[in-house]
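Quick setup: one chain, the form predicted on its own, written in structure tokens, and binding and motion questions come after.
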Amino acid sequence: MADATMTEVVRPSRLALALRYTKRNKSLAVGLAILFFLIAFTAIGFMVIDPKHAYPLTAAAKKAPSLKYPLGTDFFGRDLLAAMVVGMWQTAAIGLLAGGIGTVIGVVLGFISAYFGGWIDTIIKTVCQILTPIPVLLIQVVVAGTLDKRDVTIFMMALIIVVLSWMGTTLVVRSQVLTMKERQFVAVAKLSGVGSMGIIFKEIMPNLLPFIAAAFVVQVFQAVFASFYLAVLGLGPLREPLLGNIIWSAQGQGAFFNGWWWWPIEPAIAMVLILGSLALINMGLDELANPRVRKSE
């Protein structure tokens, strides 16, 4: 009797599966590629520049891009390469800090509202529905405008942005938890004697991670955009080289009219890349989280 030969099925690694998925999910792939480029630019930039040159009176003023100053300098004597590196890091710090705080608040309130229900759910849902229509931009401008610009810091700017940025995440998480808590696996867990915290963290939370990741990206996008327009309006920490501050100072000195085109163009391009990458990543995560639009292998 001939020996039976069995062929072993080799399963692809997680990395191979991830790469295969990003080939199908073009939005996610392009968004991540742009984001990695920006991270590399900032990381390598800190290795080759002196952060002190991102501040006034540290370089020759009004110099066009050259070998000595690859991105040129501005009216105040800042090396714009150093300013862009430090400014992108500061903008990212505001986005991650405000986005992280807003996401945590939204997730916690969304879970409490949906899982426990009753009067707690009524209060949280009502507050979100009342605050959601309020124009966030107007409130942020008013709050930022009442502060002394000398006292505004990166951390304070993040807190200003996060004040009215958690309601959307709260309502989205609440709706998803309301759906999840009625699933069969949650009922089985309850019958097995699993407590509320166990059901939340072991049963519901893992299934909501794609939604939470997408909500975090949206929060970061909104925070970065808010930090940008507040700085462009002159309501940010004026001494710091935030990308919006660079454009605000360029506008104040009439950069285009004086032929210093590189001064406002470079931070504007950086903001387009940052916001574009986050928007594309959010589109990709939405496909990953939503079975209706998820593409098959």
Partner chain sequence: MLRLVIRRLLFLALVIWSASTIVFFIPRMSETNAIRERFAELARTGGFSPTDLEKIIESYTKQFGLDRPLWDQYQDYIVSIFKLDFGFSLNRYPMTVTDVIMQAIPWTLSLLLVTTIISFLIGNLLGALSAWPKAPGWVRAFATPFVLLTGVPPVIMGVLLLFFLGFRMKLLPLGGSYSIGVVPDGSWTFMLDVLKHQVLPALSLILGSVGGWVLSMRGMGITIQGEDYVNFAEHKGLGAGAIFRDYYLRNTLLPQATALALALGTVVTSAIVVEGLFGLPGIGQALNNAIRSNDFPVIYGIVLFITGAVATLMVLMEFVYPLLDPRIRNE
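Positions refer to the first chain, counted from 1. Values in this document were obtained by computation on a predicted structure and should not be read as measured data.
The next section is about a form of this same protein that is not shown, the form predicted together with its partner chain.
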I'd like to know whether residue 268 contacts its partner chain in the predicted complex, with contact meaning heavy atoms within 4.5 angstroms. yes
Taking its partner chain as it sits in the predicted complex, is residue 131 in contact with it (heavy atom to heavy atom, 4.5 Å or less)? yes
Does residue 38 make contact with its partner chain in the predicted complex, using a 4.5 Å heavy atom cut-off? no
Against its partner chain in the predicted complex, would residue 70 count as a contact residue? Criterion: heavy atoms within 4.5 Å. no
Using heavy atoms only and a 4.5 Å cut-off, decide whether all three of 42, 100 and 205 touch its partner chain in the predicted complex. no
Sort through 28, 54, 59, 235 and report the residue having a heavy atom within 4.5 Å of its partner chain in the predicted complex. 235
Sole residue of 120, 159, 141, 105 within 4.5 Å of its partner chain in the predicted complex, by heavy atom: 141
Who in 243 to 277 is close to its partner chain in the predicted complex, meaning a heavy atom within 4.5 Å? 247, 248, 251, 252, 256, 257, 259, 261, 264, 265, 268, 269, 271, 272, 275
